[in-house]
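Below sits a lone chain in structure tokens, taken as the form predicted alone.
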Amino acid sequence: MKLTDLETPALILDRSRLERNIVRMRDHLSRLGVVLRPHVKTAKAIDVLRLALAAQPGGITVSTLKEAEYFFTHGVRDMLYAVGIAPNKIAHVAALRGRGADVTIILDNVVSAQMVAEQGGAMGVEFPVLIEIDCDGHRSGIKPGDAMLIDIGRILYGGRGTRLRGVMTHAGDSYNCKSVDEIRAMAERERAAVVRCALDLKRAGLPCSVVSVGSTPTATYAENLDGVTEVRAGVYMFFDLVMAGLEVCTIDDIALSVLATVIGHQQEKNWIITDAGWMALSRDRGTAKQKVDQGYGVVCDIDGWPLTDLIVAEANQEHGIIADRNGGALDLKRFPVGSQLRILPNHACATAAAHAAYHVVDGGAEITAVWPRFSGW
């Protein structure tokens, strides 16, 4: 079966690029002496995870309890649920733990710590917890030096329903860095923040066996991870245009694309119209604030090679509008109705979320496998 046999839009995954990306990250972190805990929020497929864990067996990071359920049914036991816990999810986590899943949760405030300790005690369940640290002002977490860290640690350590495992952080602001040097500095800032908090807990007589960091940019450019026990990253398997814009990867490393079919032209506007709009590509415009704005995606030929200066300039729900990024004229005869193109995404997670399966290729247009994936919560 070939890509030309598919109804479009369809999600395409280049296995050779995927495997190369996985091995590169594994080898880099191995040299730094830390364990990689892959984040599965992009993958959402056991076939992808098997390749990631084959490179380095171990636990995983999930962003939804649906991911935890799915991967547990496929034999994965060790999971970090890396979103601040909500009261309405405690029973679900308890049920997973009751079936044998070693799910660790995270939180960053006294109210949540008390809630988890009380519910755990009432249920007779002990919830392992990491305290989330804010290393960059990006989103959630406790700032290093905040006395609340010790207050939370004592609640978790002293309660019947909780077990304090350590600390974690996510350098999400690395996505806003303007240079590789800035990313390297962010990686050290991330490491220093969480290691300081781990030492503060230990000085207060509290346990801290896990010191967890993670973002694909900082994981890629980290030079020193002393004091860190694990790194979490996910999009490194696939990469995308935002990562390429940060110089975390090259365009040729991007393993994910969307297959689209040309359904018409607007000659006077120099537009090629396809059947892959924002429902297939996502509305993510993460490259708009980078040096090069890639619109809604970079256009490639059917074998996955970029076509010079062609981007998806605009997108409607089911229509993608391809144009020259500089407004130049197009030879529309090169792209007849019925011909197919592949679009590299801005944000692999958001684009993959629209699709139910990966159509796997190996450097060309022949489909070698179809790997189911899922979405939702």
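Numbers for residues come from their place in the sequence shown, where the first is 1. All values derive from a computational prediction rather than experimental measurement.
Separately, the form predicted together with a further copy of the same chain exists; it is not shown, and the next lines address it.
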{"property": "a further copy of the same chain: the contacting residue among Arg77, Arg160, Arg196, Lys143 in the predicted complex [heavy atom, 4.5 Å]", "result": "Lys143"}
{"property": "Single option in Val23, Ala365, Ala354, Ala369 placed near a further copy of the same chain in the predicted complex, where near means a heavy atom within 4.5 Å", "result": "Ala354"}
{"property": "All of Ile46, Asp303 and Pro306 with a heavy atom within 4.5 Å of a further copy of the same chain in the predicted complex", "result": "no"}
{"property": "4.5 angstroms heavy atom contact with a further copy of the same chain in the predicted complex for Gly227", "result": "no"}
{"property": "Any non-hydrogen atom of Gln317 within 4.5 angstroms of a further copy of the same chain in the predicted complex", "result": "yes"}
{"property": "Asp108, heavy atom within 4.5 angstroms of a further copy of the same chain in the predicted complex", "result": "yes"}
{"property": "is_contact(Ala122, a further copy of the same chain) in the predicted complex, heavy atom dist at most 4.5 Å", "result": "no"}
{"property": "Option from 198 to 206, 270 to 278, 244 to 252, 219 to 227 whose residues, in the predicted complex, bring a heavy atom within 4.5 Å of a further copy of the same chain", "result": "270 to 278"}
{"property": "a further copy of the same chain in the predicted complex - contacting residues of 76 to 97, heavy atom within 4.5 Å", "result": "Ala82, Val83, Gly84, Ile85, Ala86, Pro87, Asn88, Lys89, His92"}
